[in-house]
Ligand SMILES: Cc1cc2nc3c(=O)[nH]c(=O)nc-3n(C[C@H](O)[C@H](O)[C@H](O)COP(=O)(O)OP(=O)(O)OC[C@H]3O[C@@H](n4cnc5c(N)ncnc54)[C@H](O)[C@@H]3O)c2cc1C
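One chain is shown next in structure tokens, namely the form predicted on its own.
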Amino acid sequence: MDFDIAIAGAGVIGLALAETFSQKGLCVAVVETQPSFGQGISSRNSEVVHAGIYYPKESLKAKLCTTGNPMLYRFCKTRCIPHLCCGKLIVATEPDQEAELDRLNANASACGVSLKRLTSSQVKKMEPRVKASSALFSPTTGIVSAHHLMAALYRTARKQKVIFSFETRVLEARHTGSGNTIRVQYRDGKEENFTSTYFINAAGLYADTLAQRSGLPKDEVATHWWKGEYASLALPQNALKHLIYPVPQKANTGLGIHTTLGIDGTTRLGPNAIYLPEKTEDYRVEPCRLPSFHEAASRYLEGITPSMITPSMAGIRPKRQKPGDPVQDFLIHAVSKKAQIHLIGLESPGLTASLALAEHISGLF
């Protein structure tokens, strides 16, 4: 075999896998379609370190998020990666949202996450700009520089002799009985085969397509694309000290248009949740949707005017549910006695869970 392990995708999860396996002394190759690492899903999100509040107790999302949260903070501290454990407020602005806060609090507790219930006056003391009838406070939610995190993983993997092939597409991976034959295409159109004992599909938005090309049934691995747009909010630097979230949308199609902080002290609103039935990779932020950002933020932030909100950026999530479907978990699909592992629907909280997921996958071998 040319390699012990081949990984498709150099986002945060592919990089975490590469670093984890290379630390074990294995020969690892990472194939990525983009010119560098982390240019897909991993670079287009809220950069939030989640606590594990929203996910069902026994789900992979809950287990990997609650395990990954302290792992990520330790990693960032050890590697001097910019991060901030600033905490998060989930606010109720209407009486009928109080029951949702109760439900979230109970679910978080079942997952081992401790939240604090706050009154309106307690919220005001923490965040004078926030209006809420009550709130939940999550002390272990924070933010991280996704780029610096991925750069640290990449540097370590390179030091451990991981081979990276950028501007290269994995066309398919076929299990041959003794390992895998992986067919790739380079930027110039040339195709080539190489072999690996194990293959891990961490191709993000295109993980389902690659899984199907490698022989898996479409109905088992299909994902649906949801676009999330962000807007910049012109508040004074460090005007807010915490992340501010509304109660989540129905069926958890999104967590609602929330207010997040940048490591540089800037403020951003989003994302919304727009279903993309045609799976078009479009990262434009439509100015016509900015009024909806103003409307959403004005429910829980005082003094917000339309002129303070401008387009920022957009990302796309590969969810395993389409509109109207129940919420779906991450899918770790192992085939041929784990010769191939396909990671499907790795949306939020994938960034938080990345190190825990890599540890979990390495434990399968």
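Quick caveat: nothing in here was measured; it's all calculated off a predicted structure. Counting begins at 1, following the sequence as shown.
The protein also exists as the form predicted together with the named molecule; that form is not presented, and the subsequent description refers to it.
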Tell me whether A62, G87 and L355, taken together, all sit within 4.5 Å of the named molecule in the predicted bound form, counting heavy atoms only. no
Students should find that, of Q34, S298, T310, S336, the residue having a non-hydrogen atom no more than 4.5 angstroms from the named molecule in the predicted bound form is Q34
Sort through F75, Y230, F164, W225 and report the residue having a heavy atom within 4.5 Å of the named molecule in the predicted bound form. Y230
I200: touches the named molecule in the predicted bound form, heavy atom cutoff 4.5 angstroms: no
Might V28 be said to contact the named molecule in the predicted bound form, defining contact as any heavy atom within 4.5 Å? no
Using a 4.5 angstroms cut-off on non-hydrogen atoms, would N45 count as touching the named molecule in the predicted bound form? yes
Any of the heavy atoms of Y206 lying within 4.5 Å of the named molecule in the predicted bound form? yes
Would you mind picking out the stretch of 215-223, 290-298, 164-172, 88-96 that comes within 4.5 angstroms of the named molecule in the predicted bound form, counting non-hydrogen atoms? 164-172
Going through 334-358 from first to last, which residues have a non-hydrogen atom within 4.5 Å of the named molecule in the predicted bound form? L346, E347, S348, P349, G350, L351, T352
